[in-house]
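The chain below stands alone and is given in structure tokens; this is the form predicted on its own.
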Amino acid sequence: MAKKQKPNKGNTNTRVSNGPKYDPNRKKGVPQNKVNGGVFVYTGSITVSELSKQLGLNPSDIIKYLFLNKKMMVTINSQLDDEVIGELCLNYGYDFKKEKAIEEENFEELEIIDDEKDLVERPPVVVVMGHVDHGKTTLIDTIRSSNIAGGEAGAITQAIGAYQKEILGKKITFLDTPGHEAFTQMRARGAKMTDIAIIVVAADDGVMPQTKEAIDHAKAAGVNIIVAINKIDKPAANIEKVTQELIENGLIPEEYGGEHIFRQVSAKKNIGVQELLETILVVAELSELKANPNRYALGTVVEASLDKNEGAKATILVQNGTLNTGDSVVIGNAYCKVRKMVNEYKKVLKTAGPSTPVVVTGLDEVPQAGDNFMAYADEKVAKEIAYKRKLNAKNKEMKTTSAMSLDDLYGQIKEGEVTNVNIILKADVQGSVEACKGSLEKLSNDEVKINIIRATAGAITLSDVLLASASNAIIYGFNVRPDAAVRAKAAEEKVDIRLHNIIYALIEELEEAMKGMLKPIEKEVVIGQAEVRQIFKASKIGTIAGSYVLEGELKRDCKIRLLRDGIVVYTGKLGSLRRFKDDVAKVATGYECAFTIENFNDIKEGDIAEAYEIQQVARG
């Protein structure tokens, strides 16, 4: 059996951006504080003895200096504070810099920068996104010569979710994601896996809702975007119209002075696909994608599962370094002694270099898609770190999120921390969208910039919540309401949804927060929702809505708004509330009832009646 090649031990040719905060493969006992180019770089408190060793001084010189100049009596074991360390460094001809120490278990906070001489070209990582039925699957089929759309996967194992294609002697790595939402969820957990996103748009259909979402998610991920206008062989193809629609959505082709590459293809007839692949290689070359294969591996989990025969397994993408069979790896919160690695063809691999996707077995638990992984030189160290990560995850109870609330915005502006505020804007009609967007953007000033990352007409969706979570955004709704599922997801992701039906109130609220003057407010609390299932007409009463309470409860005389397809059609007060022939004070979840709305009779089957209250909330 061939001897396994191990990468350079101890990451001797790597450094961490902003200084050596923590080297996961360092040898125990090696000091992390050091002098680098005349600058003493340190991470925490230091004793007189430690400082003297690092600066090449006699401890007695430091003790004498501090006594004569600072009236301080210290010993070689005395801890020195930052002010004293700085003064001593300057006195003995050194500059100084203190850096935040990174705990060994928080390896995803490390930004490892390898020496330029150790870097080699790596394959680009590509994701294909687009609206349903626009040819995404057919394009993937054509690229890898499979037949997923026809139900025949050929030699490709679909469960891996990743594969490589060789073109002109160079490899391209493609990732199959379950959708744009999953793509953004991964980014929300800190996973920056892809270099290029291909947005597929049908030439006979144009830009559709999912196309817009794909564009938003690709922009949020900060990746290069290539547009593939598909189905150019169709009689109804209108490339000029599609191009104009894409321009309106912020993708400007190079020939129009923009920065995005457009390619015309027919995935079904294999027209232009080769040129598309060559374009990917050109974009990759211009991006100068490189990695160091001679270090312990790190990367991201694409997907994971529990196999009844092989146990916990994960599809991972090696982003830097080389992963070997037998390596000790921390994957998310799991420890893994790599028993076996296979590629998309189920071929067993001994090593996997940068941009290589593989399935690994040997994990002690199933990680999450988007988790980071890192290989370690010492098995014991890896196990300890995995244990600490499990403990930290349990303590946090999965409550962490990247979303921002308006209270967070207020607090951060007050502390002078925020410079950009991301907002997702949803309104009932396009006219309202444009009016709200224009007004919000005018609030930008020298200190705080309002960044509208999505502004569309329609109800607030799960996709909006996920994009807000991934982009640290606040959702503003004007005359629209989220349904129960969206509200639940927003609560889970800690996404702040602010709802208004008066435009100046929306503007005023954000303006007050930006001024750091957010005052105690009245908060609207939804207490229940009911679906209208049958309509009755009564000449003396008006329209009676036979309904079923979906969640919460309806209360007599409560405030009510009527939603139709997520759009608010009326806001008022609940009139009568009955169960069978009896007037009742309230009706709980799972019960039928009948109600009227004061001064409003245009109720239709399928409408959602949302009951709410206004509560006084003191701001902390």
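Here the structure is a predicted model, which means the values were calculated and not measured. For every residue, the number given is its place in the sequence shown, counted from 1.
Same protein, other form: the form predicted together with guanosine-5'-diphosphate (GDP), not shown, and the subject of what follows.
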*guanosine-5'-diphosphate (GDP) in the predicted complex: contacting segment from 253-261, 379-387, 267-275, 530-538, heavy atom within 4.5 Å*: 267-275
*Asp82, Asp233, Glu310, Glu109: which sits within 4.5 Å of guanosine-5'-diphosphate (GDP) in the predicted complex by any heavy atom?*
Asp233
*Have a look at Glu492, Glu512, Asp118, Asp133 for me and say which one sits with a heavy atom within 4.5 Å of guanosine-5'-diphosphate (GDP) in the predicted complex.*
Asp133
_in the predicted complex, does Thr138 come within 4.5 Å of guanosine-5'-diphosphate (GDP), counting heavy atoms only?_
yes
